[in-house]
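Coming up are structure 1 and structure 2: the same protein chain in two forms, each one given alone as structure tokens.
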Structure 1
């Protein structure tokens, strides 16, 4: 693995985290987005990561500033990828947007450049041909709060070159991730294949009025030793995301329970501004949620 220059395309929540984590581990990073306004928001978002690195990782002021110093920002795709050894794509989960992006990227990037998608719901084989270099394309998927939840799922498609696959596994380790190789395509990778059924089951229990939020979470935490229950996890994921997933599943399957879940999330949470941890309230109130209190797991 001989990567030095990394481009992250898409500077949303996770794109910004991927870019900063990569720079923190010593790589030169270019952040690409569609306009300068998006890049200004990215700079603000990335600046807000610095205190987290100091608090959670014990990083010094000099280290967090040096990481930022290894970053550059561009809204010109050809400029952003001119020297890229690896492009990590973290743009919206819309097939047409990704197809257009990869068609342009394939024509613009140097021949050496490897492409990786951070898509959580779409498979690399859906875009492999659009890239124009399917053998140099695969998925590299991160979890939110990447500096703490440091998983990197590396998933090949049938046409991915095994040398490329191994290089990206090594790159994931080099940026401080626990590298998790997947040898076959799997919607949801490993993490979401395990997590999503748990979150779905918890929401079904709630809308059936089997138990309340705290009791469901308490059950999971006491019985498994997990630090958070499913509703605390949903607060981290964000209620908007949970709503969009529930609504999409309702439309795709006709399952009335998914529709009830979506309706509940909309009326009781989204319409009331309770969007999860990011807004200070979702299923729990932050910064001191009840599930984190010392007596939560007691009788």
Structure 2
């Protein structure tokens, strides 16, 4: 892997984090977005990341400023990718937007440039054709708050070149991630393939009145040694997100349990302002939730 110049396309929540983390680890980073207004917002977002790097990682003032100094910003795609070794795409999760972007990018970027998508729910094979270079395209998926939650799931599609795949695995390590290679396409990658069924199962147990929130979480924590149960995790995810997913699943499948789950999340939590950890209350009350009390696991 001899990447030096990295372009991050899309500078929203994840794009700005990916760009700053990559610059923090010494790469030259160009941030691309659709217009200068979006880039101004990105500069603000990125500036707000600096104190987190100082508080959470012990980075010095000089280090956080030097990282910012390795970044440049452009709303001109051909300029933004002119010397890119790798483009990481973090634009909206909308098939038509991504398709148009890759068709443009494929024509604009130099032949050497590798493309990686940070898409959470779309598979790289959906866009491989549009890129015009399927062998140099794959998924590189990060988690929110990348500097702390430092997973990078690297996922091939059937046409990805194995050397490209290995290089991106090395790149992920070079920017401080724990690299998690997936050799086949898998909706939800590894993490959500494990997590979503767990969270769904927990909510089904609750809606069927099999057991209460604390008993369900306690079972998981005592039996597996995990520090949180599924409802504590849902509080981190946010009740709004859980509600949107539940409602979408109910609509897509006609599954009545999902509808009941969505209704419960709306009436008992969202309508009462209990949106999860971020608002101080969800299934639990923060900052001292009962599941974190020393005697919670005893009885």
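Take the two forms, find the largest set of C-alpha atoms that superpose within 1.5 Å, and that set is the rigid core. Since the structure is predicted, the reported quantities are computational estimates derived from the model, not experimental observations. Residue numbers count along the first chain shown, from 1.
J.: Eyeball the pair and call it: which is the form predicted alone?
T.: Only structure 1 fits here, because that chain is the form predicted alone.
J.: Can you give the angle, in degrees, through which the smaller rigid part turns between structure 1 and structure 2?
T.: Between the forms, the smaller part turns 14 degrees against the larger.
J.: Would you mind giving the Cα movement of residue 200 between structure 1 and structure 2 in Å, after fitting on the rigid core?
T.: A shift of 3.2 Å.
J.: Having superposed the rigid core, state how many Å the Cα of residue 277 shifts between structure 1 and structure 2.
T.: Between its two positions, the C-alpha of residue 277 lies 5.7 Å apart after core fitting.
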